[in-house]
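Next up: just one chain, as structure tokens, the form predicted on its own.
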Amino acid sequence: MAQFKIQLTLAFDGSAYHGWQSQRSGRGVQDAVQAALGKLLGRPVTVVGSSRTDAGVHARGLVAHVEMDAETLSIPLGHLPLSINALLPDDIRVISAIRKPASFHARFDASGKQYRYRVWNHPAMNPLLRSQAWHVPRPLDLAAMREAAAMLVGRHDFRAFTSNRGDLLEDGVRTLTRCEIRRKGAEITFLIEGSGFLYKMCRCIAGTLVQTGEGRFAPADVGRMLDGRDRKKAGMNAPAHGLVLWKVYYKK
């Protein structure tokens, strides 16, 4: 029987989950997707994701794959997202399902990712965004933040911008192709794009840039953080609930 893969694009509100990755508690987003797809197909399945996410982090465009064959997939591919979504909780949705060759791998074939971090910069929090944005009530110096963000673009050792998982980090070098800050009224959005990311790297970047906007760091300090490679010298990790895995890129 000819094997192939189905590429799934997923969106989820991560508030109630311990991240994407399967957990012993069963509270990983991966657990819920595997359970729904297994029930639909009548057999256990393994869904492989393009990325891990921290507890509380959201996604708009996480990509995953599942191995399949024509005999197992009795549902028309165009109906598959609707069928899976009927079995998923309301805070997880499959956006699309595409047939891919057996060689496709959601994680190893990814060429880049875009994350977005949202800040609500106003003395009063917008209650509609309380689970989607970090409330920063103090005024922020946007020009200083943008100057600091520009220093992060390029190929650098980002050891100062990652949290220790308890193991030795052998390679902290990553390439950021974009670190852009947009403001619309009280809402500030960080667009962080690159070929790969370290553990909690985006949250540390967002936290450091906000603290630069508050005057706790000068823009030039960001360059010294990169050179020093010392996590203690960089800023705080921004709260998880403001971060969204926006998109995963693949070479055409």
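Just so we're clear, the structure is a prediction, and the values are computed from it rather than from any experiment. Numbering starts at 1 and follows the sequence shown.
Not on display, but discussed next: the form predicted in complex with another copy of the chain.
Undergrad: Looking at 153, 73, 98, 125, which has any heavy atom no more than 4.5 Å from another copy of the chain in the predicted bound form?
TA: Selected residue: 125.
Undergrad: Sort through 132, 163, 83, 177 and report the residue having a heavy atom within 4.5 Å of another copy of the chain in the predicted bound form.
TA: Checked against the cut-off, the match is 132.
Undergrad: Quick check on residue 60: any heavy atom within 4.5 Å of another copy of the chain in the predicted bound form?
TA: Looking in the predicted bound form, residue contacts with another copy of the chain include residue 60, since a heavy atom lies within 4.5 Å.
Undergrad: Taking the shortest heavy atom distance, is residue 107 within 4.5 Å of another copy of the chain in the predicted bound form?
TA: Although another copy of the chain is absent here, residue 107 would stay clear of it in the predicted bound form, with no heavy atoms inside 4.5 Å.
Undergrad: Going by a heavy atom distance of 4.5 Å, is residue 171 a contact of another copy of the chain in the predicted bound form?
TA: Judged by the heavy-atom cut-off of 4.5 Å, residue 171 is well away from another copy of the chain in the predicted bound form.
Undergrad: State yes or no: in the predicted bound form, is some non-hydrogen atom of residue 20 no more than 4.5 angstroms from a non-hydrogen atom of another copy of the chain?
TA: Output for residue 20 is no: heavy atoms all beyond 4.5 Å of another copy of the chain.
Undergrad: Identify whether another copy of the chain in the predicted bound form is within 4.5 Å of every residue in the set 115, 202 and 227, based on non-hydrogen atoms.
TA: Per the other structure, none of 115, 202 and 227 touch another copy of the chain.
Undergrad: Exactly one stretch in 205 to 213, 35 to 43, 52 to 60, 188 to 196 has heavy atoms within 4.5 Å of another copy of the chain in the predicted bound form; which is it?
TA: Checking each option against the 4.5 Å cut-off leaves 52 to 60.
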